[in-house]
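The chain below stands alone and is given as structure tokens, in the form predicted alone.
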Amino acid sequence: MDIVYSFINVLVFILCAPLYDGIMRKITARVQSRQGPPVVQPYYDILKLLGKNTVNSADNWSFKLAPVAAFASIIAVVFLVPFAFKQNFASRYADIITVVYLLTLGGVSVLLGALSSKNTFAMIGASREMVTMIMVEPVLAMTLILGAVKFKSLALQSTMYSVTSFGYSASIIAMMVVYLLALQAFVGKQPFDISEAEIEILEGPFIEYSGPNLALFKFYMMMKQMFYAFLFIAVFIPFAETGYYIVDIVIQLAEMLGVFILIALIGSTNPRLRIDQAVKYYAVLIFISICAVGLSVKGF
């Protein structure tokens, strides 16, 4: 039965990720006094792209493999996480190192595809994406390591849902603040959509992609957004467990909606940062996250 929970995870994320993206688009439009697209527009976009022909501007295996690898990496992450408080077959054999590895693999796949295209705008986007990965991934790692230190285990269930069982100590509060401050960078939204920057570098890493390959990349980005929203809920506010699986799914989806509303409000009211400004910002977050882990080691 445990394996069924893994497949339900994937199904829920695939069905809901475009919906959350559509809600963010609608909120952004309203804040900016626009009508905006319908909430279901991301579904239309994905289906339209899947129905188009693929134009391979670069005839090499890495350019063609990158979208598949990125999408597969986020599917693997979703497959193994204990969504809705339910540990599944995959999560019993995975740990936080597996999650960090798979999320990094998705980012590396984006870099691989962009660099393989040999497009100038794509390469600029790839360089910015690389900087973002190097500076932001440590914050993700420290968030999960904090749980490992608190619970003395690398297991996913304990590092996600059991961190706050010790109460909201100084280290947990500091890490929660850091995660919220890094959230826009995790999901690639303003003011940290630097690698895509439509007005500056025309979607950056994805400029040479079209058809189903672009659909895979867009779906990858949507599901990654949903995962980071889920991770915040699971680590820092893992409450409202009812013991009924379907009810817990609905509650967590509702909590994640609140995170997406926050992302949309911040993104629609803040201008994009320059890459040098972003790097200084990331450095502060890394420093605070390391301090938070240090505090947890000391029992604070």
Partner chain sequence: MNTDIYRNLLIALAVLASSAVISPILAGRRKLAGVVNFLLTSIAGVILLVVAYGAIFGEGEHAAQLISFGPLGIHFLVDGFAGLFIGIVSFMAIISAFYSIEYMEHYPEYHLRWYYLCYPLFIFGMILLLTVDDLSVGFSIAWQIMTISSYFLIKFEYKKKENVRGANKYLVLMELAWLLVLVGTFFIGGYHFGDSMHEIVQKIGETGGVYLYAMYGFLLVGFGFKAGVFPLGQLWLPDAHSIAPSPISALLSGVMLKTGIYGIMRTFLFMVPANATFDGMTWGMIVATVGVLTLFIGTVQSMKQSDAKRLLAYSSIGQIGYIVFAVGAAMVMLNVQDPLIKTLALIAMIGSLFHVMNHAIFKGLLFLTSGSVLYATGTKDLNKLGGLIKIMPVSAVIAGIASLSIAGMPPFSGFSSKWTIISTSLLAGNKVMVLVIFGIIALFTSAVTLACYVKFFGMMFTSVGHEWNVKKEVKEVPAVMLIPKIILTLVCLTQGLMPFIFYRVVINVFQRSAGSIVQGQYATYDFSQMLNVSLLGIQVKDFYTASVSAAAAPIVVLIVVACAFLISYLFRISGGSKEVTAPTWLCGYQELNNLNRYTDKSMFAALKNLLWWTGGNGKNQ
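Please read these numbers as outputs of a predicted model, since none were measured by experiment. Numbering follows the first chain given and starts at 1.
The same protein also exists as the form predicted together with the partner chain; that form is not shown, yet it is the one meant from here on.
Discussion item. Partner absent here, but in the predicted bound form, which of 208-216, 185-193, 222-230, 168-176 has residues with a heavy atom within 4.5 Å of the partner chain?
Written reply: It is the stretch 208-216.
Worksheet item: Might residue 53 be said to contact the partner chain in the predicted bound form, defining contact as any heavy atom within 4.5 Å?
Response: Residue 53: contacts the partner chain in the predicted bound form.
Practice prompt. Would you please decide whether residue 68 lies within 4.5 angstroms of the partner chain in the predicted bound form, comparing each non-hydrogen atom pair?
Written response: Although the partner chain is absent here, residue 68 would touch it in the predicted bound form, with heavy atoms inside 4.5 Å.
Discussion item. Can you tell me if residue 35 lies within 4.5 angstroms of the partner chain in the predicted bound form, counting non-hydrogen atoms only?
Written reply: Contact with the partner chain, no.
Discussion item. At 4.5 Å between heavy atoms, is residue 180 in contact with the partner chain in the predicted bound form?
Written reply: Answer no; every heavy atom of residue 180 is more than 4.5 Å from the partner chain in the predicted bound form.
Practice prompt. Let me know which residues along 104-119 have a heavy atom within 4.5 Å of the partner chain in the predicted bound form, or say none if there are none.
Written response: 104, 105, 108, 111, 112, 115, 116, 117, 118, 119 sit within 4.5 Å of the partner.
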